[in-house]
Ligand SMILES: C[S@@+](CC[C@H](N)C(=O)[O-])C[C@H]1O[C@@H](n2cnc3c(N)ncnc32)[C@H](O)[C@@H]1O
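First, one chain by itself in structure tokens, the form predicted alone.
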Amino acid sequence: MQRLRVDLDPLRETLLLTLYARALDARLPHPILGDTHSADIADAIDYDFAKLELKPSLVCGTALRAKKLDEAVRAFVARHPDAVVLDLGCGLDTRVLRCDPPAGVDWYDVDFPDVVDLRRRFLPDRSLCIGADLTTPGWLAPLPRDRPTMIVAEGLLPFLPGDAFQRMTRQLTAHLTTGELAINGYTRFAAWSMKYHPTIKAIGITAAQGFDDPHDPETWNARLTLVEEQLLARAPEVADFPRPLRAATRLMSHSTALSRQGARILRYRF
């Protein structure tokens, strides 16, 4: 099989990082997410994934946060079979395949136009795609306004400059009537330290955005109310982490402050 060579700038190249993390998880004896679709896509891309030097902590963390966000989407769709799902900065994420929404759900995947073009090569006809820069106005126009909407933004927060994530959230909740926002909430330290992670450093991203208090988004004038904070260091799936990582994560889980520096899923209602 001929593999597809991709030519991406450093920002877009991060989609390969998370893709490969999910692929590596799928190949484990006891995967956390078990996303074989991501493994198939990674196999079809001509790219030196080895240079990313993914550590077990990143592989397990990426798989676990994706699993918890998937669960939030499935729960929302079960309550609202006529829902809209909006996956922001989707990259090559196969969430739409993993969640397999019923026919009454409209699923929108949003990313840069060139990323959307690449996505269509691997995931044709599984969702409605919007190619747009999320920091620019106008891209929300095609979205239904009067249906319950689940907004998912995985890994997006640190890569939007300044207060762009807040402004985008205000625009979304002004456009949409009701729904939920689910994100993996980086603390300020966690977002700042990303640029020193070997994988992020290899790509050249200088991410630096986040917030510590999970109630902070309630002050963004975006009609958000915190529903849930999941500290993933305390998730039962930690039992499937490799032994050294499992021990360190369980030790961290005894402290709420330390657990927040690891990974957390935040869910808000609007």
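From 1 onward, residues are counted along the sequence shown. As the structure is a computational prediction, the values presented were derived from the model and not from experiment.
One more form of this protein, predicted together with the named molecule, exists but is not displayed; see below.
- Remark: of stretches 156 to 164, 142 to 150, 121 to 129, 74 to 82, the one touching the named molecule in the model of the complex is 156 to 164 (heavy atom within 4.5 Å).
- Listed residues 190, 115, 172, 96 were compared with the named molecule in the model of the complex; 115 is the one with a heavy atom within 4.5 Å.
- Taking non-hydrogen atoms only, residue 179 never approaches the named molecule to within 4.5 angstroms in the model of the complex.
- Of the heavy atoms in residue 89, some are within 4.5 Å of the named molecule in the model of the complex.
- Residue contact with the named molecule in the model of the complex: residue 100 places no heavy atom within 4.5 Å of it.
- Residue contact check for residue 260: none of its heavy atoms lie within 4.5 Å of the named molecule in the model of the complex.
- Contacts to the named molecule in the model of the complex (heavy atom within 4.5 Å) from stretch 116 to 137: 132, 133, 134, 135.
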